[in-house]
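What follows is one chain in structure tokens, specifically the form predicted on its own.
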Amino acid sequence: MTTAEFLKTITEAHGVSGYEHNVRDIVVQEFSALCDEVRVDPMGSVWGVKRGTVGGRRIMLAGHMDEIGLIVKKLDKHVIRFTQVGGFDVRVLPGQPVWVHGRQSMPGVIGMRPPHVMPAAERDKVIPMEDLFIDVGLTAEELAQQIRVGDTITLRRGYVELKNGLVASKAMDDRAAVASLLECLQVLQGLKHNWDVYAVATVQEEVGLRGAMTSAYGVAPDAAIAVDVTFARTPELPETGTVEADKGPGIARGPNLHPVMYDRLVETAKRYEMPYQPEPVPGASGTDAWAIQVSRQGVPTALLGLPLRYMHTPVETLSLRDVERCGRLMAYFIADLDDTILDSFRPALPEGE
């Protein structure tokens, strides 16, 4: 499966945080063809292990495979009341087609009162989530037989190819990063590398970085690279705090990221003439890198950002070329790793101590 085919397949699959099993099955299948070993840890994260020629040193690559979604809160006569898992913007929900994953998955639509029957003072306001509902077309009795409180709901959106290599889908955040891990593993098939590579598709990032936290503890890597989406520049956004789509991945720099990892990634990009974009991250990155960095005694960590338009909406849009570039950058970075980098991770003590 090509990286593009893999990205389409996993973004169209359903896997709300904590319920990633459908996506996990796809990742296990594709990683198995490229790795020496594939494991699923107790939290549900997938570890694809590709052994190095020397071994003993480990680099962890992380991208989360969960997506934001909805969950059934109450059955209200013939409709479903719901709340969110992760961070939806309620403004994009009215009118969206969805899948309700009950005893069997069934299509539904998110409805609301028509503006014609709303009080005039409410017509221009954002409808709160508690006033929205999902209609799957069943009677109240049929609904009670098919749907239970706690069932998950995902957006019913497909993968769309746009012009100039851009693609749109739900769940690009962060399955595009998992696709970049697959690209990295594919490129590594033709490269010699000393370190063992742990490509980890993590779970439950959207509800607290949980899969990254437990996987990093289990892998105990000597270094790590997290991959996530970042804000791509659009007309309404400022130039500061955004990066351009189709200009290469962002390489983050800030207190969550190790300066040596940043410098080495930049050197790799320049050496192999790969496009990249420096990206300042002055505080918490809000990504798997945040959890990995403080695992055990601390892990030298880097963060690569895939420029994404319209984050946390049904039409998350990015450049397929950026996904592939990110994977190749990681592969060539890994191929250049040796033990000399370990000494540079730790500041030297003053002379005489």
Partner chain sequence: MKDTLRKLCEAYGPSGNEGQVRDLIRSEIEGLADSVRVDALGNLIAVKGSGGHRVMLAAHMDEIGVIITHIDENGFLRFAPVGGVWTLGLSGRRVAFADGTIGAIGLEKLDDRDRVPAMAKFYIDIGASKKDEVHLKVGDMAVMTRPFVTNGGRWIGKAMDNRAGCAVLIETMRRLKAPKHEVAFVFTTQEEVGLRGATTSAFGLDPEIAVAVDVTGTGDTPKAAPMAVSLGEGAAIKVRDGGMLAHLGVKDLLVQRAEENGIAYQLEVLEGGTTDGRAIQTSRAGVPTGVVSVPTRYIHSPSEMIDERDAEACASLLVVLLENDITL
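Numbering follows the first chain given and starts at 1. What you are looking at is a predicted structure, and each value in this text was computed from that prediction instead of being measured.
The same protein has a further form, the form predicted in complex with its partner chain, not shown here; the description that follows concerns it.
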Spot the stretch among 161-169, 105-113, 264-272, 76-84 with residues whose non-hydrogen atoms come within 4.5 Å of its partner chain in the predicted bound form.
76-84
Within 4.5 Å, heavy atoms only: does R148 come near its partner chain in the predicted bound form?
yes
Given that the partner is absent here, does Y332 sit within 4.5 Å of its partner chain in the predicted bound form, heavy atoms only?
no
V72, heavy atom within 4.5 angstroms of its partner chain in the predicted bound form
yes
Just to confirm, T230 within 4.5 Å of its partner chain in the predicted bound form by heavy atoms?
no
Which of E122, E130, D89, D246 has a heavy atom within 4.5 Å of its partner chain in the predicted bound form?
E130
Name the residue from A144, L237, V207, M118 that puts a heavy atom within 4.5 Å of its partner chain in the predicted bound form.
V207
Would you mind checking 217-247 for residues with a heavy atom within 4.5 Å of its partner chain in the predicted bound form?
Y217, G218
